[in-house]
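This document starts with one chain, in the form predicted alone, laid out as structure tokens.
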């Protein structure tokens, strides 16, 4: 059974008005416990609508969103409890920081939940450590932090709830390569330590290739392709035909193959291409 699943989900904005727009059409997709699933697609493909349905920010026009096999909208008045279990990190979450100190901002959701101050302090410290924020930073104003530190604080404000499902909409957008690797590394380790289900939305094919166990491709409000990372990237022509890109290192590998160099394996990561080239050299291949 999937941890989180969307069945026959359709969503229409502005229904029965001149501005009616169908964002999702009969989407069926499931997310397995403990896996990182990447979600890719062009702007307007339906990704943002889809992720906002996962924790009940948007209710489907038709269809069902299931968490542990139960419809999250079965009891609409209890939808708030779903948001503690399915944490959603929106794009540029640092713009949502508002409290007097970093510690108070990170602990805001727990205070809303009615947790004791002792519990809040303990969990805030733990969440801050997960994203590389020192205890000294917790007493600072969020607006005294650097951009990357504010991003970490905002993500910690979701991790503090220990969500069973973590949904991330472009969590590393706008960061330099080092900051990007750090943020994604923290989130990957959260999956490993907590056994959480992680859903990562990104335009970066490199992120998909490096961090994801599975990848789903959205196109025109539908699931265009869904499979393991190997399955999705083993058919670059299909991705390119859908107007999607492939990792830069894969372009290099494809060019080498065109020039007669025999390469096999995971040609969508730097490590995979390196190993393929070394194997080719070992077999007497030309480089």
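None of these values were measured; they are calculated from a predicted model. Residue numbers count along the first chain shown, from 1.
Missing here is the form predicted together with a small molecule; even so, the following discussion is about that form.
Asks: Under a 4.5 Å heavy atom criterion, is residue 46 part of the interface with the small molecule in the predicted bound form?
Replies: It does: once the small molecule is placed as it appears in the predicted bound form, residue 46 has a heavy atom within 4.5 Å of it.
Asks: State yes or no: in the predicted bound form, is some non-hydrogen atom of residue 59 no more than 4.5 angstroms from a non-hydrogen atom of the small molecule?
Replies: No, residue 59 stays farther than 4.5 Å from the small molecule in the predicted bound form.
Asks: Check whether residue 238 has any heavy atom within 4.5 Å of a heavy atom of the small molecule in the predicted bound form, and answer yes or no.
Replies: No.
Asks: Verify the contact flag for residue 203: yes if a non-hydrogen atom of it lies within 4.5 Å of a non-hydrogen atom of the small molecule in the predicted bound form, no if not.
Replies: Within the cut-off, so yes.
Asks: Could you tell me which one of 125, 91, 119, 96 places a heavy atom within 4.5 Å of the small molecule in the predicted bound form?
Replies: Answer to the contact question: 91.
Asks: On the criterion of a non-hydrogen atom at 4.5 angstroms or closer, are 13, 23 and 42 all touching the small molecule in the predicted bound form?
Replies: Verified in the predicted bound form; spot residues all in contact, yes.
Asks: Among 66 to 74, 241 to 249, 30 to 38, 48 to 56, which stretch sits within 4.5 Å of the small molecule in the predicted bound form, heavy atoms only?
Replies: Selected stretch: 48 to 56.
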